[in-house]
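A single chain, nothing else alongside it, follows as structure tokens in the form predicted on its own.
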């Protein structure tokens, strides 16, 4: 027995020595991180630093940035009483010596009742914040102070697409003409979720007048398909001589989960701005994100992916414009961002990236009884042409009061109290 134990101990010692010699590096990982992946055993996390990203540190990554926000001048929100909202801005373009942006504009005189109470909505009382809206536009010389120019695309007469509300528009410039794509609601949001297709209007000038094509250009999917109920946030770019429109859809609704649905993004492609658009066979092509925000970058396209999904709070990149990978992870991403993208329509093979744009803040009053949305400017460094160290910081600092705003709910406190009570009862029972 003693002999057998000695033999086993010797075998174990030899095996352990062999493993140590085979897998353990001769020296520790170096203090100065190598620019190239070192030829040595690496943990999956450190290997991913080399294999999963273009750079080994965030501040070296052209597709990494923090975001800074500035209040815009020139917009009146009726004292924040909830009757006026501006939201979901388009990309910003530069034409006629000034910047242009288009957006959803609601001025109903009544506050929205909420999608869950859509049955209470009328032709004057909106259900959602974007119900009973028109598409307005504004111009600016500097991107900070804006002059609202008025309506660009009004709600058309019933029963044309959009008669209930026209929202969430984006701009395409194609062969000297201008095209606005938008969600065309024919019922109050909340009646059947957020059902709507995509329509389009066109003009010879960014100042209009705009002519409705009076047709659905990207229809909803067939029954049972992922985009059967919503084609939201149409976002056009030009690539490979064609119009690429990225869009978002809500699906996989499961009442037992909260939130009960997920959001992903798809792609539709056409040779003509009025279609027909063909949906990509790999749809959905982005597995997360609440809104669409993309821009040409180098040979491919980059996407700001925020708020929803497994890969929210990321910047993603697809060299082939279809298969997206995470390029960076960051925070405070702009909501419903419409960036200034100078090469959005140039069919470039060397996209330069973005440095600013317009986004929005929902529930700007901090009170859902006065719910409305405001437009805001964001700045960043997702560009090949600048390097702003102030935008490349690793994290933002939030004070205690910011964190306390997201404290426990009454229901959560009750659960914790019950857990503590049970523990005390178990101790007493012993």
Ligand code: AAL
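All values reported here derive from a predicted model rather than from experimental measurement. Numbering follows the first chain given and starts at 1.
Absent from the display: the form predicted together with the ligand. The rest refers to it.
- Proximity to the ligand in the predicted bound form holds for none of 202, 242 and 345, with the criterion being a heavy atom within 4.5 Å.
- Note on the interface: of 225 to 233, 314 to 322, 210 to 218, 174 to 182, the segment with non-hydrogen atoms within 4.5 angstroms of the ligand in the predicted bound form is 225 to 233.
- Taking non-hydrogen atoms only, residue 164 never approaches the ligand to within 4.5 angstroms in the predicted bound form.
- Looking at residue 133, you'd find every heavy atom of it more than 4.5 angstroms from the ligand in the predicted bound form.
- For the chain shown alone, residue 352 is not a contact residue for the ligand in the predicted bound form, no non-hydrogen atom being within 4.5 angstroms.
- Among residues of the shown chain, residue 168 is one whose heavy atoms approach the ligand to within 4.5 Å in the predicted bound form.
- Shown here without the ligand, the chain has 290, 291 in 288 to 311 lying with a heavy atom within 4.5 Å of that partner in the predicted bound form.
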